[in-house]
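Single chain ahead, by itself, as structure tokens, in the form predicted on its own.
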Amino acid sequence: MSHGNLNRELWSSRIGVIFAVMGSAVGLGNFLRFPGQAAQHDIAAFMVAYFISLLIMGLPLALAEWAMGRYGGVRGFCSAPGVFRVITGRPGGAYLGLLGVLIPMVIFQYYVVIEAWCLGYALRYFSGQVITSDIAKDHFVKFTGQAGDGLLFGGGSPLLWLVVACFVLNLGLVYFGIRRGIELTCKVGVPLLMLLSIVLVVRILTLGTPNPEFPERNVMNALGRMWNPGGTEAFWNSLMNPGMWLSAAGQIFFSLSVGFGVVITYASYVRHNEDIVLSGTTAVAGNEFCEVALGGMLTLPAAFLFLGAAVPLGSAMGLGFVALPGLFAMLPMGHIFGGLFFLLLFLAALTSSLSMIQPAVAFFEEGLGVSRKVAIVLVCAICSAGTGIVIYFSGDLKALDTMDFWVGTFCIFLLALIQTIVFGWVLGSKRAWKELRRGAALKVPRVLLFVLKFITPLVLIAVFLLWVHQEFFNFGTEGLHLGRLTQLANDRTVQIAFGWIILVVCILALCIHLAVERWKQEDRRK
């Protein structure tokens, strides 16, 4: 079997790859999604499910992706199709990696729009314009074009130009390569966003009782709202709730970027004897610090201080872009702290979105044999069309929501399951153990292989089936409700967004076919 580019670009340092993987993982989910998910359940029960999911699925899958990525990388392949082809030893194995290119590419197409939201809000606050609670919802609806399709092209919102700016910024940084583009950005961006979040947490925790008219809205009660368990009965009732376990498992997937195909690509650029166990564990620990210690101590406690126990716990976007702007309007120097908060979100989104472009660029480079410049152009052409769909069909954010559901959730479960099976059953215990231990300073417990081979796949299958039942086959008072399937059958915007996903799948499948034929020719020449 042919080797790919054995002279591939490498990360310049261990801290560089750790920051890059942390940058991929630390995103909007850490500061918005996690607090909202946790607060909707008994916090003690949720954290039990969260850390069990981390130990059974999150950390093992992350280490498996690191091992598979390095295994393929030292053999010259840096994309999921190339890596899976090497691991399986069969040309058709490349098709198993299709989702590893599809998922980050499609997620980028709508994630860059949310990134532009963050940039737009940050610029507004830094210009001295605060968003008061009475206009927060209307401003968000108008700014994002939720009132109807095509509104963003009418010039009523600056969002279109902000999306273009973010799009160009992301592609430009990736164009400069692994070291000068992605690594350098994450080395600056990740420490900066952590510093900003610490500054904001300290400011929130030193507010005391900001409004004397509501003495119950103090820092201690704010922390209690977020972290105190609701009692023994609430704890056990929550533990018996499958929906809570689904929320915890889903949060781990989003939080660590496992099942995205990103870590496999990033890990392929490490050196042959790099300590991937230490690097992988450090990246996971850094992400958890940002999520639990910073995200959990910032968003909801801050909202509670100003909005009380009735703080809205709806969507993460509603909490971040509707509830919290009203908070900053009441805070002394609110335009500064509001600007810092949305700058923090923008940096978190930027370091994540960069990681979503590289897997496709790597695949086009090694699969089609094109230069990095041509690969960037191909990614730009595909992603700009998808982002255009998200921007045009902005009514109620349906196109964005459809892509997020089918790719950002459904396909992630599938790829995570594929990766677990490939690592545990195809790469096999002997090769997997050797790959994990090579260069490792940390002792790798052998039980990890047992977990990855048996426990993780079984838990993933169980969680996936529960999730499918919850989303597609709910039995309510009116009988069977097909949920998303009914929406797909009846809603034109949903059909267009779903059809676009299928079209991208076909494009990538064709590209993988061309890559497989090209690799076969290289094999015959050797």
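From 1 onward, residues are counted along the sequence shown. The structure presented is a predicted model; accordingly, all values stated were derived computationally and were not measured.
Although not depicted, the form predicted together with a small molecule is the subject of the following passage.
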(request) Kindly confirm or deny that F254, S257 and S352 each have some heavy atom within 4.5 angstroms of the small molecule in the model of the complex. (result) yes
(message) Looking at heavy atoms inside 4.5 Å, which stretch does the small molecule contact in the model of the complex, given the options 162 to 170, 438 to 446, 353 to 361, 381 to 389?
(response) 353 to 361
(message) To verify the annotation, which of these, L452, L119, I131, I107, has a non-hydrogen atom within 4.5 Å of the small molecule in the model of the complex?
(response) I107
(message) Looking at A67, A497, L28, M57 here, can you tell me which has any non-hydrogen atom within 4.5 angstroms of the small molecule in the model of the complex?
(response) L28
(request) With heavy atoms only and a cut-off of 4.5 Å, decide whether V262 touches the small molecule in the model of the complex. (result) yes
(message) Is F393 part of the interface with the small molecule in the model of the complex - any heavy atom within 4.5 Å?
(response) no
(request) Find out whether any non-hydrogen atom of F84 is located within 4.5 angstroms of the small molecule in the model of the complex, and reply yes or no. (result) no
(request) Consider Y111 of the chain shown here, and say whether it contacts the small molecule in the model of the complex, taking contact as heavy atoms within 4.5 Å. (result) yes
